[in-house]
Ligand SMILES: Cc1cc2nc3c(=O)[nH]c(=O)nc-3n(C[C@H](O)[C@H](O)[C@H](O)COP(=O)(O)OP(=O)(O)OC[C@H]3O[C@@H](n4cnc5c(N)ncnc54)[C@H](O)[C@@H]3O)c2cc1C
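This document starts with one chain, in the form predicted alone, laid out as structure tokens.
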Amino acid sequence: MKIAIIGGGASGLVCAIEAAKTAKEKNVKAEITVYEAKDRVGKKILATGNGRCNMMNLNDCNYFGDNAFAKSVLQKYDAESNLSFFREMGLYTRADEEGRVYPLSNQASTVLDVLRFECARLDVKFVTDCEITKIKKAENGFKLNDEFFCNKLVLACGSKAQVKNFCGYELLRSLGHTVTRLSPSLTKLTVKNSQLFKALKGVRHKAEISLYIDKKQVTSEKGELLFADYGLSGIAVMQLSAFVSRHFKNSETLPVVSIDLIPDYDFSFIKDTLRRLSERNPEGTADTLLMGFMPKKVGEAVLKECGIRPDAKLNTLGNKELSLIVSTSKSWRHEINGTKDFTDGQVVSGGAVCKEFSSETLESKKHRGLYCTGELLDVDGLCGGYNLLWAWSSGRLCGKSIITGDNR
């Protein structure tokens, strides 16, 4: 039996390993080939977790897209199952206080290496610099690029996130499968009136940011913000972007973010502090008021938002002005008019309609012998290892199912 896997990323590699292991256990003769468009497999793995590879998360998570489908797969191959899978190959891990799992080496290259070495041990073949752009049904299988034949085919080519040229969705459509509307996710947010942000470009500050859609609070995240001339970035913002991306698929109303620049202290404490500072140094200037709470440039932007000159004497600021400064610092509101494009997104919101595939095997309900796995499906999660967990779990389920059959 010839098995072709299009895509040598996280999901494709573990799919190949699981298929080869299962074939060996079941004494099934299987020739497994991974076709990769880039010059080597696993390049995206190297970039995950800022080069440290946030492999998975031990906490539960609701996925966007088809959450029920994702949960069905994850029940079969959960985080502990995947940890055992990697330990068997000699890779050991550590988990932080938020459940994020990293290799003990703290290097993404280690994760890729153990996967490559296991593929080599199991005689999985790699064909690199080979972009599959055409699939045809053939007798007892499929023909790829009018050149390669396989009995069973896995589409594990990921998504168009951070990829310039991507044809995975077209391959799916050519085989009669439906692809939902796509948008970048886990990405940066653009602000409608970003003029004030130009002076803040490159400034980082820890804050709490809440997202409001149609005047209802949807979610809130605490972490480091990175200001940019177009708007906002940073992990907390990327988490919010998952909700923003989904919203803009169905509505043109603008979400609003409310930034609490001083989340560790309440309104009364901050106001009392600012009043005390003003009384202590009445001839001082307004731009010194917030220096103990945030970077000077951010403080100056807050003053500008309040209509207060940074060189205004502190003895000219009354109760009204101090209250306005504090309220703005605790709830600096901005309308979000979009996200950055697919080249900036870590994942894609949308993909192949999951109901057209079996959640028990990931085999297509339209074509026997065709499978789909990983991010190509309409499943995406938040930052923190959830997307790689989905890649490992769906890839392994797919790999085993190819050999053991679907029992239909």
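If you're wondering where the values come from, they're calculated on a predicted model, not measured in any experiment. When you see a residue number, it is the position in the sequence shown, counting from 1.
Form predicted in complex with this ligand: not shown, discussed below.
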query: Contact label in the model of the complex: residue 37 to this ligand, heavy atom within 4.5 Å; finding: yes
query: 4.5 Å heavy atom contact, residue 28 to this ligand in the model of the complex; finding: no
query: Contact of residue 391 with this ligand in the model of the complex (heavy atom, 4.5 Å); finding: yes
query: Partner proximity in the model of the complex: residue 6 to this ligand, non-hydrogen atom cutoff 4.5 Å; finding: yes
query: Contact residue in the model of the complex, from 32, 347, 70, 372 (heavy atom within 4.5 Å of this ligand); finding: 347
query: Contact assignment for this ligand in the model of the complex, among 131, 224, 170, 229, heavy atom within 4.5 Å; finding: 131
query: Stretch in contact, per heavy atom within 4.5 angstroms of this ligand in the model of the complex, of 80-88, 324-332, 150-158, 257-265; finding: 150-158
